[in-house]
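Shown next as structure tokens: one chain only, the form predicted on its own.
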Amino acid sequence: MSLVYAGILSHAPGITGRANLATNTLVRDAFYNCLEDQRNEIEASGAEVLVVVAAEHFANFFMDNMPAYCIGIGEKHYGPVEDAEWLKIPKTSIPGAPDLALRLAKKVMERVDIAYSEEWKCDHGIMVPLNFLTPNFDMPVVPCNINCQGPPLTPLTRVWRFGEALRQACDEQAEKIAIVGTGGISHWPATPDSGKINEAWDREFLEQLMNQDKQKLLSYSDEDVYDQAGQGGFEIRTLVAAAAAAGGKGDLQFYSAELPIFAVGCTVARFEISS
């Protein structure tokens, strides 16, 4: 078995960029401690490569070319594309895993059509997780993008299949691989409702995710998600993909809606790896 860890975590620029503005410092620090625990769990798993399933925010793609899925196969990735002072993450290069990434892409393509890229610009959707999970930016990373920005969006049934295809691809490799899915749950970025969090919706979704309730997870419509969780809620695709890849039940290690300055429900969880 080559998949040795699977988990999820939130990303939002405020998690690093507005850390000093959080008034509930006890909750903020508990969140950061859980992210440190996740880093330690990934390290303890023996993972040699980190696959990050994320939603990018028009850093690499726009409406003239918006692939449903893309895997980064380059030797290096660069980020953040945002202002480093604003995000509080310095600009740097991140090592890729080009040989492994190409093998993963070829295998995934047997079940799900994907794009690939040798040049990847990392925005906060990847840089914020990496800031906590590999703070020296020295662990090889394979970025995987799911379009969560520009409708029409890939159906959740297809997302599940992508996660399963990614798992199958990982299991055929010699390298030990960790997967994290990173996205928001309910959030309304770059709107007058920024900072709003639908805690009840988040918790219901997370319960279904932790229980691997495939039927309910795949029943969400984009219209209902937009109404209850905002346009940022479309990023549940990254979390669903990670759950499908893991196959086992989840352990919700942290959730809080008490950090509105981060403009997202803050989440950390891991999954059992099914055999």
Partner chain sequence: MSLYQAQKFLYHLNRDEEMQQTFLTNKAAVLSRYDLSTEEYEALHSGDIGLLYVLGVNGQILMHYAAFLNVEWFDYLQLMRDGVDNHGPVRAGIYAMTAGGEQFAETPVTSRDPN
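Residue numbers count along the first chain shown, from 1. These numbers were taken from a predicted model, which means no experiment stands behind them.
Heads up, the form predicted in complex with its partner chain isn't pictured, but that's what we're talking about next.
Against its partner chain in the predicted complex, the set 226, 234 and 261 is in full contact: each member has a heavy atom within 4.5 Å. When its partner chain is considered in the predicted complex, residue 220 lies well away from it, no heavy atom lying within 4.5 Å. Using a 4.5 Å cutoff between non-hydrogen atoms, residue 57 counts as a contact of its partner chain in the predicted complex. Under a 4.5 angstroms non-hydrogen atom cutoff, its partner chain in the predicted complex lacks residue 78 among its neighbouring residues. Its partner chain in the predicted complex comes within 4.5 Å of a heavy atom belonging to residue 188. The chain is drawn here without its partner chain; in the predicted complex, the stretch among 178 to 186, 163 to 171, 86 to 94, 108 to 116 whose residues come within 4.5 Å of it by any heavy atom is 86 to 94. Scanning 135, 195, 98, 155 against its partner chain in the predicted complex with a 4.5 Å heavy atom cut-off leaves one residue, 195.
For the partner-free chain shown, 121, 124 of 116 to 148 come within 4.5 angstroms of its partner chain in the predicted complex, judged by any non-hydrogen atom.
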